[in-house]
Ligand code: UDP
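Here's a solo chain for you in structure tokens, the form predicted alone.
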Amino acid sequence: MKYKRILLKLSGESLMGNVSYGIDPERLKQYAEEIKAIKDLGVEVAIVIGGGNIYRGVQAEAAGIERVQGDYMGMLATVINGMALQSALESAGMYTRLMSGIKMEQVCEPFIRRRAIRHLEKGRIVIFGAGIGNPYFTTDSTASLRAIEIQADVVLKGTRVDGVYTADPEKDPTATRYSELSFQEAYEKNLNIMDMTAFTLCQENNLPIIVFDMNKTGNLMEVLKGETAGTLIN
């Protein structure tokens, strides 16, 4: 395996699968199987998942809810997704820990860096919920920060497309995929890979990012073997 310890970033929307809202059990099962395949080969796995299938902080203002309150609501949505993913992973025979940036001891552990690393060393999958515990930070920023804190080798950003393109491939049929990019090139081309805070964190800490299609069976394994299943930014 090319990477020993990874941080897998999943969007909340990806959990919707074929349903219009919430969580698709078939998508959960598929993700659990993909993650188990790499776990069985000894890869240490940490996961950050968004909450957009349930609630997005950016919806708040339209509903008359202040931004900070909306962001906290979005953080709680990520914990719900984390609990669902935890259950799916455990049903597939894996050991997991859900750690939260906001204390809620009845359902998950508080995030403590050394404890998270110890869980990974013991072969447990660690899911980070509730963002970093503060408003104004996205789950992309959470993924970057937690990856740096646990000394992950790479951030794997699972999306609906198989990498970074010159334009939106869902809108522009002439768009072509980059196999590799530098952080500087991504800046200059104004490619929307992650929000700027998350992206800068990775750049300053020499943490590579791979953008790939998580919904295609076998892609996660291909990425970890170093095969070209996405776009590498380093």
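Note that this is a predicted model, so its numbers are computed, not measured. Start at 1 with the first residue shown and count on from there.
There is another form of the same protein, the form predicted in complex with this ligand; it is not shown, and what comes next is about it.
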property	result
Options 135 to 143, 104 to 112, 118 to 126, 91 to 99; stretch whose heavy atom lies within 4.5 Å of this ligand in the predicted bound form	135 to 143
Proximity to this ligand in the predicted bound form, single hit among Asp153, Asp162, Asp71, Glu149 (heavy atom within 4.5 Å)	Asp71
In the predicted bound form, the residue from Arg56, Arg27, Arg177, Lys39 that sits within 4.5 Å of this ligand by heavy atoms	Arg56
Partner proximity in the predicted bound form: Ser11 to this ligand, non-hydrogen atom cutoff 4.5 Å	yes
Contact of Val79 with this ligand in the predicted bound form (heavy atom, 4.5 Å)	no
Partner contact for Met75 in the predicted bound form: this ligand, 4.5 angstroms, heavy atom	yes
